[in-house]
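The chain below stands alone, shown as structure tokens; this is the form predicted on its own.
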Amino acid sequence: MKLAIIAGPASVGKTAVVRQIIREFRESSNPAYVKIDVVRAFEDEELREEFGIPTRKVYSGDLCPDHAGIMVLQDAISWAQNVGSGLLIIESAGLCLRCTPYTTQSFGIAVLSAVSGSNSPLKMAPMIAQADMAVVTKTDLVSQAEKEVFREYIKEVAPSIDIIETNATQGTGMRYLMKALAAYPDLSDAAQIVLRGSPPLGVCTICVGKKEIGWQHHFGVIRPLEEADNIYRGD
């Protein structure tokens, strides 16, 4: 069985990409699909009704969706194998942009929207840098110059990443993605799967329930506004 993990911000067209993958592999691989979202999701129901494939969903609730996906991935692999799938597709909501859901032995796809602004690849660098392929959707809605700038910023984040430009609803330009996924190795030992990148250092006291404002009331990963390095890093 192959494992594909798809991530990207909301409304960029992740599920449109998933639909194209299912259409391509429906006959040969009996795809199984798991949707990871925060509080509500309907994609699993829509894809099960449209294609008749096995689907599941998980609400991350108090966890980052990417973290929740890692928590349930071993179970999801066992479930997909039990239903006879040759391709497990995990779609993560991927909301916080500091985490990446991609693992070893998985084909990682970062989905971005060309209409999200030319600087957006720089704002979601971790999600792109650990992926195997970046799929840029809605390219029919921007100019050639805008597409070139968008592509250059992706390459600035991940110089060697493969880039697909597509109108995912019609599936234009997706042939290379399908070939790359078909050629990707099957899972060899699910027990040995690990995250590709290092996750953030840890949670802060706000994550565990403290409501007070101001770093003076918290501990762990804290920084005052005047700190020269305005990226919060753990000590």
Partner chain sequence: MHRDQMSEITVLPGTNRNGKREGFDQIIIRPGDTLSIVGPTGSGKSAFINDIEVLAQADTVTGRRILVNGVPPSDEMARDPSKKPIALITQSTRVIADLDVSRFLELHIEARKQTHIKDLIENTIALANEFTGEQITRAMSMTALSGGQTRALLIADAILIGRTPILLLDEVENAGIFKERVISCIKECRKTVIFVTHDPYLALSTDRRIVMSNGAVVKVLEPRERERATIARVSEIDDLLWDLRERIRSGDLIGEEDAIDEEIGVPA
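Positions refer to the first chain, counted from 1. Only a predicted model underlies this, so the values are computations on that prediction, with no experimental measurement involved.
There is another form of this protein, the form predicted together with the partner chain, and it is not shown here; the text below is about that form.
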Where, among 115-123, 83-91, 67-75, 100-108, do residues come within 4.5 Å of the partner chain in the model of the complex by heavy atom distance?
-> 115-123
With the partner chain left out of view, choose which of 179, 210, 57, 48 has a non-hydrogen atom within 4.5 angstroms of it in the model of the complex.
-> 179
Distance check, residue 197 to the partner chain in the model of the complex, heavy atom within 4.5 Å = no
Any non-hydrogen atom of residue 205 within 4.5 angstroms of the partner chain in the model of the complex = no
If you check in the model of the complex, is residue 26 within 4.5 Å of the partner chain, heavy atoms only?
-> no
So in the model of the complex, does any heavy atom of residue 142 sit within 4.5 Å of the partner chain?
-> yes
Can you tell me which bits of 167-186 touch the partner chain in the model of the complex, meaning any heavy atom within 4.5 Å?
-> 170, 171, 172, 173, 175, 176, 179
